[in-house]
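In the form predicted on its own, a lone chain appears below as structure tokens.
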Amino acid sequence: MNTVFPIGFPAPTALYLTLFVTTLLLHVVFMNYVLAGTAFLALAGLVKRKPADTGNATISSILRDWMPFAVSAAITMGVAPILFVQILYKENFYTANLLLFHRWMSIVPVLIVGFYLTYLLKSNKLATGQFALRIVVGFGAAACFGFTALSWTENHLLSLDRAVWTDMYAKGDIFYRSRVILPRLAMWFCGAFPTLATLVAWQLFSTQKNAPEPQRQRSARHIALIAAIGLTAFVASAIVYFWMMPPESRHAAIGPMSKPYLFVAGCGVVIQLAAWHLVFHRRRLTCVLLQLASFGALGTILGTLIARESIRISAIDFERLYSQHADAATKGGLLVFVAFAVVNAAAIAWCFRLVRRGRVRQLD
């Protein structure tokens, strides 16, 4: 395909691709908060052996309070992309699911355990309890969501590697091995931290207005460091992943379909680094700088997602699926999807308001 995404595809295919990327972007925003947030809490628990101060609006206290909501939002936002990926890549997606078998289905109980561990992280009793217990719960939650990220990475790469399907099935092997699993996982994991930093920065901006100036300065510098380190690691791991890809995947990643979006992603990285550089040196979170960081983060995520889809489209016989997309478009389910999307968005916004109101009352 020598046209820019999603131009050049039949109308139903272009529609589903656009809806898939749009809904996946929303899922990735919340998923990044959960993945990077639980990892941060686990590591912060190692550094800070004393019981946490639950009365101040710090990075850790905000993450503990909001993590159960973020997990719920990430899972809810993940429903729509799963529906669209089944329409767009039915055979590849289902085949990878079946080949991974129990390891793939184990995502569900692991997510349930991780979800309840975030409630334990939020409890004041645990926050002021024994150090060893906090470490077990913190790393347990991080491990659950890390396992989920690994499973999705493995599933995605297996769905594109048709050459190994027969051997895996014949051997009954439920482990997919590829040299690009770890660098790809590292890229997405590191990329989660700038998104986390942006979202938490907005939360700090709204909750620390009455906090002492030294605390606000310290929080601003810490969040800027998290973002800058995450962005640097994201770029480094993306370069490693790119060079470890098969040649045809590298060609697709920088091909006409995704090249403009890669430029957008690169500009997003630069904008974020500039914004966080100013936050770090000014020791202050301002609305303008946070808007710049948010704009850059969305551009980077969008560009990365479209490059991801360009690689997937080039790896399969995508034209053969056009008729299936056209048939799916005649089923009349789009209005139902839009209606439920509006209802879910309203429910999430209401939950967001409830959590924020409770957090403000706690601080007051």
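Note that the coordinates shown come from a computational prediction; the quantities given were computed from them, not determined experimentally. Residue indices: 1-based, along the sequence shown.
Below: the form predicted together with a small molecule, not depicted.
Residue Ala74 is the only one of Ala74, Leu204, Val269, Ala238 with a heavy atom lying within 4.5 Å of the small molecule in the predicted complex. Note on contacts: among Ala186, Met244, Val85, Ala274, the single residue with a heavy atom within 4.5 Å of the small molecule in the predicted complex is Val85.
Residue heavy atoms within 4.5 Å of the small molecule in the predicted complex occur in exactly one stretch of 274 to 282, 140 to 148, 220 to 228, 246 to 254, and that stretch is 140 to 148. Using a 4.5 Å cutoff between non-hydrogen atoms, Tyr116 does not count as a contact of the small molecule in the predicted complex. Although the partner is absent here, Phe20 lies within 4.5 Å of the small molecule in the predicted complex, judged by heavy atoms. When contacts are judged by a 4.5 Å heavy atom cut-off, Arg312 counts as touching the small molecule in the predicted complex.
For His156, a non-hydrogen atom is located within 4.5 Å of the small molecule in the predicted complex, even though that partner is not displayed.
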